[in-house]
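Taking the form predicted alone, here's one chain by itself in structure tokens.
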Amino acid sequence: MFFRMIEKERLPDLIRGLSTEFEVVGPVAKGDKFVFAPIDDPADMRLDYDTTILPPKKWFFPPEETMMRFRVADNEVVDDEVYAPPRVLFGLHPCDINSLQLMDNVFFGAYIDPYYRARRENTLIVGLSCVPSETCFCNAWGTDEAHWGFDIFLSDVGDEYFASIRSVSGAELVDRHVKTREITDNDTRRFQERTAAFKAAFENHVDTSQLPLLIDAKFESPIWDQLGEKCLACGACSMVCPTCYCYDVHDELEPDQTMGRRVRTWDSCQFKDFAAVAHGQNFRDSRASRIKYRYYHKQWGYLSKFERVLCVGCGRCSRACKAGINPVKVIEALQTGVVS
């Protein structure tokens, strides 16, 4: 990795240059919120955003996608191409960069997902420093920093960006499209001061010490029944989560029933029929069991396999849950025995 300084007023040059080679996707305003969307004009990009409604995973693992098309008569696949144009995801915060690495563990596992892989391998990542919001708790998991998983990372140090360049592709793009200068000792000092101010700005300080042991010991706790009473089973937490990867697959036929397509859609462990099987059996019929296993998977099951929890503290679920359930409150409830 090497470093360069980029004047803020020159950043549009980089974005316009990237647009000549890639589809550029970045944060834009949607009412009083933000989403990741294709960028036509650098002026549309809102680098002062807090958190987007949906995470960047949608650009690798869409909410709905056609996996293949087939002919009914002979059940022959006639189209299984993956749409994966060259793309740059611009302005990802550290938590979202870390979330993609957690997703990689799943989709690049023993059975590689070709749809996810095609998009992931054809996408460059430009990260961006941020300011913690009231719902952020990425500091609890160490995901408030990104040490890898990006091609370029831009840290705001006033009138310039301290650019960390990790890949050869990132270096070539910077050299081609924007004027930079070498860093000085003063630049490094400004970067360190910015990092210290960022660490001090967090409002949430969650105690996650011994959490795997605690959550395992509380398996039969009445806390889960109390949370189940509050939960609406709407699945909003899963839909906005940057690390939830459950999906459903079904076939759809054309009206003339000669052709069809296989479709993959996001699913949620909070839906009542998620664990339903034949003969009307449902292994997680109660809301309490579903919310319990959601947290056991994220804070214990995934950890036992990959040595990291399946949460990056982005706070999207805190914003989306109408019942006020979120990881911070659940962890506090496990520690105190009181559901707030």
Partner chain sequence: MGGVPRSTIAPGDRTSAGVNPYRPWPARITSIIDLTPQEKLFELRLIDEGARAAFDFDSGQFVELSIFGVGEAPISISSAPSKQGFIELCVRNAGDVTGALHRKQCGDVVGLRGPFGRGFPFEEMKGHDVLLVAGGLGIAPLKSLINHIHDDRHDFGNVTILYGARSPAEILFRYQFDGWKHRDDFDLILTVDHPDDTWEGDVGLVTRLFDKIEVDPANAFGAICGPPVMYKYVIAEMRKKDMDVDRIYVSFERRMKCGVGKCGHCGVGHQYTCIDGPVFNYWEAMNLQEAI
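All of these numbers come straight from a predicted model, not from anything done at the bench. Positions refer to the first chain, counted from 1.
Beyond what is shown, the protein has a form predicted together with the partner chain; the following relates to that form.
The partner chain in the predicted bound form comes within 4.5 Å of no heavy atom belonging to Tyr83. The shortest heavy atom separation between Arg46 and the partner chain in the predicted bound form exceeds 4.5 Å.
Although the partner is absent here, Ala196 lies well away from the partner chain in the predicted bound form, with no heavy atom inside 4.5 Å. Using a 4.5 Å cutoff between non-hydrogen atoms, Glu9 does not count as a contact of the partner chain in the predicted bound form. Contact with the partner chain in the predicted bound form, defined as a heavy atom within 4.5 Å, is made by none of Glu134, Phe191 and Val338. Look at 198 to 206, 154 to 162, 138 to 146, 98 to 106: in the predicted bound form, residues with non-hydrogen atoms within 4.5 angstroms of the partner chain sit in 98 to 106. Contact annotation for 119 to 134: residues with any non-hydrogen atom within 4.5 angstroms of the partner chain in the predicted bound form are Arg120, Glu121, Asn122, Thr123, Leu124, Ile125, listed in sequence order.
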